[in-house]
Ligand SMILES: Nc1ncnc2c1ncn2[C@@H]1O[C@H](COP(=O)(O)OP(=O)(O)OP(=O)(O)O)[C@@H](O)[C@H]1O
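Encoded as structure tokens, the following chain is the form predicted alone, with no partner shown.
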């Protein structure tokens, strides 16, 4: 489902090249939960940005459902993100003036779904993540764990094939973090999603079915 092939990314600080990734390859299948771990500056976030189509690799390729995203233009990448990739961020990225249901409905409306259908879909997903009683609460009225569950519901709104999670427990206490990781694990196990988690948290890593370690822009040998 996700095929990362010899991915390389080089930045420049003035005339000095910085090799963030130096040839990373891995595959991720539907229903599989993969964690990418490594120290700060190892290239973890760069991998996530490239797979999400937010940046271009210097070399290599990224295929989602057999289609290279490297060759897509900006409009095609935007459509890919809206229809095939769900994002879960450390800082939730919820719109503060919108309620839980409005935050989940928004990507559906942007994708052309009718209001009634979008509301029905958002309500269904929020109920699945245990927030059926919080539909009309704004982010400031929700706990950190509840906000992250809204973010998970939003990521599932258009039924993506791939979920990208970037340090999803970084702003949560232990109890809330455990609940969120159990929910993310269920995305692969119960929903059949391909889940890619980027984290340095050993507790979060323990939920993954497979782990790769990135060190100095390379996959560390097992």
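Quick caveat, the model's predicted, so the values are computed rather than measured. Residue numbers count along the first chain shown, from 1. Between two forms, the rigid core is defined as the largest C-alpha subset superposing within 1.5 Å.
Same protein, other form: the form predicted in complex with the named molecule, not shown, and the subject of what follows.
Taking the partner from elsewhere, residue 41 is found to have a heavy atom lying within 4.5 Å of the named molecule in the predicted complex. In the predicted complex, residue 167 approaches the named molecule with a heavy atom inside 4.5 Å.
Contact check for residue 206: no non-hydrogen atom falls within 4.5 Å of the named molecule in the predicted complex. A residue is said to contact a partner when one of its heavy atoms sits within 4.5 Å of a partner heavy atom; residue 45 meets this definition for the named molecule in the predicted complex. Judged against the named molecule in the predicted complex with a 4.5 angstroms heavy atom cut-off, the residues 13, 18 and 200 are in contact without exception.
Shown alone, this chain has one stretch from 32-40, 183-191, 57-65, 156-164 that lies within 4.5 Å of the named molecule in the predicted complex by heavy atoms: 32-40.
Core-superposed comparison between this form and the one not shown: CA of residue 13 displaced by 2 Å or more.
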